[in-house]
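One chain comes next, on its own, written out as structure tokens in the form predicted alone.
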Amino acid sequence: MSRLVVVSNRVSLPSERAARAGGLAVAIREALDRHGGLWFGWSGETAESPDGHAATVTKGRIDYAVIDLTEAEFEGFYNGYANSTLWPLFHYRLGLVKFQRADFKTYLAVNARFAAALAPLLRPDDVVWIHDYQLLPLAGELRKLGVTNRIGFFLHIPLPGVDTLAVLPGLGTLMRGLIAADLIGFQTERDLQNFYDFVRQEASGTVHADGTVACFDRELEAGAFPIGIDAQGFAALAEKAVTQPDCVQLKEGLGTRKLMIAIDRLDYSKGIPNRFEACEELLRSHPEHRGRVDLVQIASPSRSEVASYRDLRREIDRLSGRVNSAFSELHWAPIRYLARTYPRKSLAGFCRIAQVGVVTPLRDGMNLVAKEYVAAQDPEDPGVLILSRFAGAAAQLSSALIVNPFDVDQCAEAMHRALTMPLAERKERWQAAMAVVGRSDVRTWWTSFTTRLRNADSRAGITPSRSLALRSD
């Protein structure tokens, strides 16, 4: 079988296995372990004068190849364009979008450097799988260098509608680079339809009845491939974790109180301020929960170099202080806000202990925490998942309590309902959710994508060996 080559912004090296296991890293490593392959990307390090060649290391059946960035490249490519322009735009936060032409040029240049370092490592029959918004134009850069391999691209974050996408200067350059792939994958049908809308309305392209796309003098495929988790593995991890020190300490600290758990990366897309306001409204409108429930918010810090993230942290500090000062008692405070990173095993145990999982992002590609919360539950006494309608997971987990995270009153009522839900209803809802999580697991995700990509050249109109001439904007 042809070798799988995975390209992502960051590579989880073998030495980082324990610290970085989870989410995309787990999925990629499993896919590569199965048949062997190459994982290429940024090392996470900066250097004054990178030589442009990839440093390689082999572990088991996986070859790892990484390149360094300069400090200026890191600032322009990662902190600048990727996380100050694309990230807020793709999460519908137009007021936070900052566009600098210099950052855009750096973003394109880094993608070109990725391509230049990767191309010499490719074998003729390799299948290339590119991941996420940091590398939107990479397929096009590879085609410019004469790479004819099958190339797939998967977007892990939401793809906004046409009117939102159109705000972005240089959109045509990015999309022409993206459409150089043979298969483009999205988390949800909504994202896929937004892509089709772009093809029809902005690129004067055609979407055929079978879902194939003709656009920019090229034909390709697109589809929805919702990412999953290792449900059985996470369930076993959670069951064992409850005896670990972190979990024992949390249970002892709760006493007879119920636990609502929220686990996020510290990001404005996660809706943490709205969640704290919902907790405040819960205690105001349902005073019977005062002193009887804790909301534990774990928010691992990220992107502290970006100003909007520093502003978010100050806002969360202010809100948690306001709620706690209004409702705290001598031996109880309603919100425990922990801005730190916990081991995966501890998080699994926290999910199993919690009577309520609160996953209420303002916008999210999928949100695997929702699926992990479901998998972690005790089948005999499961908790209740409160899930934002704007998380990709909501399209699959319809048995959760689906809420609009912008509606504070609705979220507060969902918290009340979850805290008071009878056991029979909790079991029924959990069983329905667990069936979905178990059926659409991480192996199903990567298998379905890579199988379709490997077969892409045999599908009508797909000619991955054809050279692609990108038009200028």
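Residue numbers run from 1 along the displayed sequence. Quick caveat, the model's predicted, so the values are computed rather than measured.
The following text describes the form predicted in complex with adenosine-5'-diphosphate-glucose, which does not appear among the structures shown.
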Using heavy atoms and a 4.5 Å limit, would one call R340 a contact residue for adenosine-5'-diphosphate-glucose in the predicted complex?
yes
Does any part of V147 reach within 4.5 Å of adenosine-5'-diphosphate-glucose in the predicted complex? Heavy atoms only, please.
no
May I ask you to check whether E372 falls inside a 4.5 Å heavy atom distance of adenosine-5'-diphosphate-glucose in the predicted complex?
yes
adenosine-5'-diphosphate-glucose contact in the predicted complex: R218, any heavy atom under 4.5 Å
no
Just to confirm the contact call: exactly one of 189-197, 278-286, 112-120, 341-349 touches adenosine-5'-diphosphate-glucose in the predicted complex at a 4.5 Å heavy atom cutoff, so which is it?
341-349
Only hit among L168, I263, A82, A241 for heavy atom within 4.5 Å of adenosine-5'-diphosphate-glucose in the predicted complex is I263
Can you work out which of I272, A400, I227, L183 has a heavy atom no more than 4.5 Å from adenosine-5'-diphosphate-glucose in the predicted complex?
I227
When adenosine-5'-diphosphate-glucose is considered in the predicted complex, the residues of 353-369 having a heavy atom within 4.5 Å of it are D364, G365, M366, N367, L368, V369
